[in-house]
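Before any questions on binding or motion, here is one chain by itself as C-alpha cells, the form predicted alone.
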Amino acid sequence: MPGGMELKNEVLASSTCALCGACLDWCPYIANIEDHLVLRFDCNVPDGRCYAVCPRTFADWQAISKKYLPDAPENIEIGPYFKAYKVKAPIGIEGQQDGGTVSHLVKTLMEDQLAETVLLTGSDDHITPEPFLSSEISEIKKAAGSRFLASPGMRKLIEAQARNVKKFAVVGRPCQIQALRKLDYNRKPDTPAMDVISIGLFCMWSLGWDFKNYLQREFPGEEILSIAIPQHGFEVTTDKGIHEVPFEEVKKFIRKGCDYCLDMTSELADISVGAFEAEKGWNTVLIRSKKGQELFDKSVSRGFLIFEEYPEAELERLKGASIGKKMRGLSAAQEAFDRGVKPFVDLNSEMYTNVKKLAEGKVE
C-alpha cells in the first residue's frame, strides 16, 4: 500500500481532495489550514493509513459496497437500497433543517444505546463546521441544520479510537462514509472490525471556507443565522433578515475536489437522508442495510419520526439528479486521467459503463 508521498502527488497536488478529514491526525506529517490540507514534511512510510482510507485513492468500490451492503438490491442510479420513504419529525428540534430526521435518528441511537458516541458536526458561528463526538442528547441541537462548508470531520476517528469506543456512529457526507468503509475494508487482519452505524447525508457539493469572507463582504456587520437551498435558490438568513444569493456567485466557491464525486446520496451508508425537495419540511430517506432499517424502525416506534410512501415521480427525479452527478464526476475523472492523474475508480468497469449507458437511455 502506498503512503504519504503518493497521497500528496495523487490527491493533494491534483486538487481531488474531498476534505473528508480521514487522513488527518494519524501522523504528524499531514495538517490542515482551514480547508486546505498540506504534507508538511516528506513522508517515506510505505504502508500509509492515510492513503488507505482516502476516498480519492483507487478502490474497488463495487466490492466494498457488496461487503457492507450485501442484502440490499443494487441500483445503478442511487446505490443499493431496500426502501425509500418521505419522513419528518412530528415534534421538531431547535435549529433543524427540512424534516429533522437526522437529529431524531441520532436521538434514537443515543437513547437505545445503539452507539456509545456519535460523530456530529456543529458550528459556533452557523457557518464554520466544527466536528465533535457526543453521547449527550442535549448536544444534538448543536448539530441541527445543514453545513455547506466542507468539514474534515473524519479526523475524529482517531479520537474515538483513543477513547476505546466500541460502538460508534457517524453522520457524514458521501466522501466521509466512503472513508469510513475504506478504513475498515483495508484494516490489517489482526485488527478487529468496526462496530459502526452510518447516517449518510445527500450532497451535491461543499463550499470552500473562503465563502465566509464573501458573506462578510456582502453582509457586513450581520450575524449569520442559517444557510439553506430551497427550490427557488440560495438563502442566507442573518439577524437582519433573509437574503437571496445568486447561485452563480455561490458556484465560485464550490471545492474543486467535489467535481470528481460520483455519489450524491451516500450510497455506502446504512441509512441515507436528504431534503424532500417537492415539499418543505420533509426528508428523503433511503434504507440500505439491516442496521439502517433497525434504527429507522426504532425511531418510528418511539414516535420520533413519521413516514409516507415515497412518490414515484420524485424517486425518478432523484435518480435522474444522481445520474447527472455521476456523469459529471466521471467526465472530470476522465479529464484528470488524461492529464496523468491516477484515477480513484476503474473508469472502464461494468458499473460505470452501465452508468453511461443509463445516462444515454440505453439501459431500462
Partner chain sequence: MEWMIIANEPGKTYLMQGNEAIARGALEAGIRFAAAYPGSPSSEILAMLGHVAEKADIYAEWSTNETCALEACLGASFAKVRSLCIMKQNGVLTVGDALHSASLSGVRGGLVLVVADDPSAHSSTNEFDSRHQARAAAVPMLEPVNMQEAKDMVKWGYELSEQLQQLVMVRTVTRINHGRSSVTLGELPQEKPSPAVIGEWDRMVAINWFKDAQIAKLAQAQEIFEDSPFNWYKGPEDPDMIIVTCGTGWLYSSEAVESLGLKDTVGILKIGTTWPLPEKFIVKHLVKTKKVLVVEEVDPFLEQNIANIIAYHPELNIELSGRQGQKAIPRNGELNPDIVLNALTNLTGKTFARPETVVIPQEEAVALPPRELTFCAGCPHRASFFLLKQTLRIHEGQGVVMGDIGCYTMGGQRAGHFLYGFLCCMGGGINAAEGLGNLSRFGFDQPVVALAGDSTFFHSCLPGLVNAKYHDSNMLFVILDNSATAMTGFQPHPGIGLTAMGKAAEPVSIQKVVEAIGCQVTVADPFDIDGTTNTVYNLIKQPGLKVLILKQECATLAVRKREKPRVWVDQDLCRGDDCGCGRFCSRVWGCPGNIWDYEAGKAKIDEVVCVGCGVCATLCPAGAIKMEGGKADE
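In this text the structure is predicted, and so the values were computed from the model without any measurement. Residue numbers count along the first chain shown, from 1.
What follows is about the form predicted together with the partner chain, which we do not show.
Asker: So which stretch, 332-340, 316-324, 55-63, 42-50, is the one near the partner chain in the model of the complex (non-hydrogen atoms, 4.5 Å)?
Answerer: Of the options, only 42-50 has residues within 4.5 Å of the partner.
Asker: Under a 4.5 angstroms heavy atom criterion, identify the one residue in 296, 68, 304, 29 near the partner chain in the model of the complex.
Answerer: So the residue touching the partner chain in the model of the complex, by this definition, is 29.
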